[in-house]
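Here we start with a single chain on its own, the form predicted alone, put down as structure tokens.
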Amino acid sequence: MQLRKSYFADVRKDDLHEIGQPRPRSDSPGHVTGKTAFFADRNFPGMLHLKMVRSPHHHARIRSIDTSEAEKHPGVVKILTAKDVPHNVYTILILIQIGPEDETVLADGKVRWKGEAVVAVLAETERAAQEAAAKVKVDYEVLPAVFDMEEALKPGAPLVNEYHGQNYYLYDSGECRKVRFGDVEAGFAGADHVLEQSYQSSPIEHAPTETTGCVVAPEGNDRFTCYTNTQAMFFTLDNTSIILQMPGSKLHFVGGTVGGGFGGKVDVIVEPIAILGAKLTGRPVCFIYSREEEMQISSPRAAEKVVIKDGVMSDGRIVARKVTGYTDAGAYSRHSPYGAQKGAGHYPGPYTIPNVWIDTYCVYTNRTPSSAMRGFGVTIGDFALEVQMDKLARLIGMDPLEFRFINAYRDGDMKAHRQPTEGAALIECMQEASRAANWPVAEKFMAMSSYVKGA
């Protein structure tokens, strides 16, 4: 790797002790010697194992739950249903005032996706918990389900989540997050060429080596220590405090080492119910997803659809861009309203375009709830935008890298969401990419700067 220090030398400090200096990772020695402790390395005397009874249906009304046979199974200590959870309806982004609360810890009256947790079984062994869970009888009335975002938005579509009242998240701007900049229709009317294309992705599972889970130990005086592989320690603690109606001072979360996460371990799914089990039994509790659960139950990256319409001049200038984005939240919000909002701010891309129209929808379907994954709300949008840029360059017969130089935003340019560009460095990154890839561009582009418009 080469470090190009010729760029921005006038605004960069090279005498800092930490920033810009190579440092070994503090956790590397433990990883390579096998000394790193993961949450599942804890094993306490008398520890119970928790297993879930999950919905086999994508959408169904729960008519009744019969746990009598499961309660008789050898080794069973406690069975939990929705009535046992102090604050059973929650949403994880309520901590930053993004509501409404729309998800149940344990299903109450209805299930909205295949795999939703209905009953928690705590037993002396993992096998006993699994066998008892299989004996729980749930009587379902299967309901119509919807799996396609555009179908979910049509009048008369099955209502996925009654806590919202419609199959989309309601922003303060209405049914979608909106960005308006300039006059996009006038831009299209004056363009030499107009291109509209659709791009679509499927859900993507993180597939971490270590599955989601936690181990909880009662410490006395109604205090609990939770060893967890969450990627969001205090976020998880605060949500757990709300769900269990317990002061956060009673909860001690221990983590920091995650055996693969990529954004997939931020959903506060295992900790509240495991702590509740420990509280009601007075014993340590272990709740770890099987590989099957990790693949089916844990939140994937959302499926997305992005429709991009561009107006471009023959000299390479993009003069109008209209984007309609759809984010499939699945049955519950989790992080998806935030992801769709990020997309709205990002969809114009790192390009200066005078006329922009953005609508991004967060849509509810009867699929597994989606959530965070590596740049969620932006990554799929970037794929769509950059494929669109290549298509536009081909349309006007221009080199795709030179086409990007023409449209790249620079310091001082106004973005579509009305924030001035600062510290862009996009021109310089493309110049280095041109050299590294041996992709020659005209000298005028190699002489450009992110600082000076026209240079």
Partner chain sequence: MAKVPVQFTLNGSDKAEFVDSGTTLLHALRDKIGDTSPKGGCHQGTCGACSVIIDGELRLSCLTLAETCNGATISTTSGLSESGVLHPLQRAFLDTFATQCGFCTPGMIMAAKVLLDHTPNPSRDEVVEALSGNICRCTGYEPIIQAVLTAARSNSQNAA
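Between two forms, the rigid core is the largest collection of C-alphas that superpose within 1.5 Å. As the structure is a computational prediction, the values presented were derived from the model and not from experiment. Numbering follows the first chain given and starts at 1.
One more form of this protein should be noted, the form predicted in complex with the partner chain, which is absent from this view; the next part is about it.
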Here the chain appears without its partner; judged in the predicted bound form, the stretch of 237-245, 90-98, 254-262, 344-352 with heavy atoms within 4.5 Å of the partner chain is 254-262
So in the predicted bound form, does any heavy atom of Glu69 sit within 4.5 Å of the partner chain? no
Even though the partner chain is not shown here, does Met313 get within 4.5 Å of it in the predicted bound form, heavy atoms only? no
Though only this chain appears here, would Ala152 touch the partner chain in the predicted bound form if you measure heavy atom gaps against 4.5 Å? no
Taking 4.5 angstroms as the cut-off for heavy atoms, does Gln419 touch the partner chain in the predicted bound form? no
With the partner omitted here, the residue among Lys322, Lys114, Lys279, His206 that in the predicted bound form has a heavy atom within 4.5 Å of the partner chain is His206
Out of 25-49, which residues reach within 4.5 Å of the partner chain in the predicted bound form, heavy atoms considered? Arg25, Asp27, Ser28, Pro29, His31, Val32, Thr33, Gly34, Thr36, Phe38, Ala40, Asp41, Asn43
When you overlay the rigid core, is the Cα of Arg23 off by 2 Å or more between the shown form and the other one? yes
